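Have a look below at one chain only, the form predicted alone, in structure tokens format.
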Amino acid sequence: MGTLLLKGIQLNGRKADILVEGNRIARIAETLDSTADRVIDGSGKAVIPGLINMHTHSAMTLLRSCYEDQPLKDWLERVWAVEARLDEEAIYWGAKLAILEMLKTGTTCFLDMYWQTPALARAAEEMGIRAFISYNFLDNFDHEKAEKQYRECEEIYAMSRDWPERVQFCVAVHADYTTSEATMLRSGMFAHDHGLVFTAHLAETLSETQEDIVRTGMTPAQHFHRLGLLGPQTVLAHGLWLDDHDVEILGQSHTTIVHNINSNLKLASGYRFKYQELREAGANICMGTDGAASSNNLDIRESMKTMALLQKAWREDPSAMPLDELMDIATVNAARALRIDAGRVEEGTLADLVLVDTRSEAFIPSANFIGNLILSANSSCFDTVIVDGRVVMENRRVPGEEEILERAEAIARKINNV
């Protein structure tokens, strides 16, 4: 890989030059005289770490806005009926559409939970994004189905050794209400033995949580804890309906909880996410969009704004969600959960960077860049995206985007009968 030089760009309120060698930031200084294979003029731009989407279902872009105004249970039944008709090609183009959207909205890495894992990995590899692609266990308490899924997981894990380093394999369990304990234990052990990220849905709705208590005698969080599935390697999405003991065990185990605020609001799952309590207990808090069928977009910056406003509102405290903590949730915390050296613009870290065009009314006055970025601007301010030291979007153009839009639209119309 070559070298890349960002000249005269705003970094933490000051102008700087940033030299990228290979896939890492080599030097940051007020002025660098280094030569580089490529130079980008940073005038009128600021640089931030790439945002990380810690929970999504990428190819659900194909179902965007198709099933509105429905309760989660009814919505899921309709979605699952359509998903049964998705083949590898559909999921490949749906994932490419998702990645296009994420790049356009400043995301450089995502953790995905969907089907046809090799197709998802191929889409991520071709688009240049950093990705953690999970094999998703959902056996509906069917032993034969579980055995088939386990064999598939082993086969795809073996295939993943040929994936590029920035595309990683991980393991997912849909949820404890759709997956047998035997499969949860076996998949969790597989992830642990191979040093993989383990992810699942947790306590997304009140009804799910209440049904778990009736069925298992404990909350979803306590169920995962009893099975030994909590810990720093575990990433649990939603975590809306938690009691004090849930918060304690999630914190003590340093489990990652992913807040998906826009999806939660849209599906009326809840909004009182216990950010402060979980953080103080020791849990690692990250941000996700969920799939575009439930949140309608994959825009992490927009989700950050919603999280800030809702935390302040329901706690009746304008200081409840500080902006610097919010940036860490979308960058540093996520990188920690995925065990990658990213989420910061510092010498030696991975060069996953986003250049923000500040030449607009949203950034005037320039007293608080982060406030302007999250609360004032929209994601059209993201001009250039660099992943693993390579420019994958420049001047808001992504190579091949016209074909992606055309192919995804045709497939979406076909599967949704519109």
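All residue numbers are counted from 1 along the displayed sequence. Predicted, not measured: the structure shown is a model, and the values here were computed from it.
Omitted from view is the form predicted in complex with a further copy of the same chain, to which the following refers.
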query: Heavy atom within 4.5 Å of a further copy of the same chain in the predicted bound form - the one residue of Thr216, Ser180, Gln276, Asn296 that qualifies; finding: Asn296
query: The single option of Ile156, Leu72, Val167, Met327 touching a further copy of the same chain in the predicted bound form, heavy atom within 4.5 Å; finding: Leu72
query: Interface segment, criterion being heavy atoms within 4.5 Å of a further copy of the same chain in the predicted bound form, picked from 348-356, 28-36, 42-50, 58-66; finding: 58-66
query: 4.5 Å heavy atom contact, Val197 to a further copy of the same chain in the predicted bound form; finding: no
query: Any non-hydrogen atom of Leu100 within 4.5 angstroms of a further copy of the same chain in the predicted bound form; finding: yes
query: Partner contact for Gln149 in the predicted bound form: a further copy of the same chain, 4.5 angstroms, heavy atom; finding: no
query: Partner contact for Lys305 in the predicted bound form: a further copy of the same chain, 4.5 angstroms, heavy atom; finding: yes
query: Whether Gln210, Val332 and Arg336 all lie within 4.5 angstroms of a further copy of the same chain in the predicted bound form by heavy atom; finding: no
query: Partner contacts for 196-225, taking a further copy of the same chain in the predicted bound form and a 4.5 Å heavy atom cut-off; finding: none
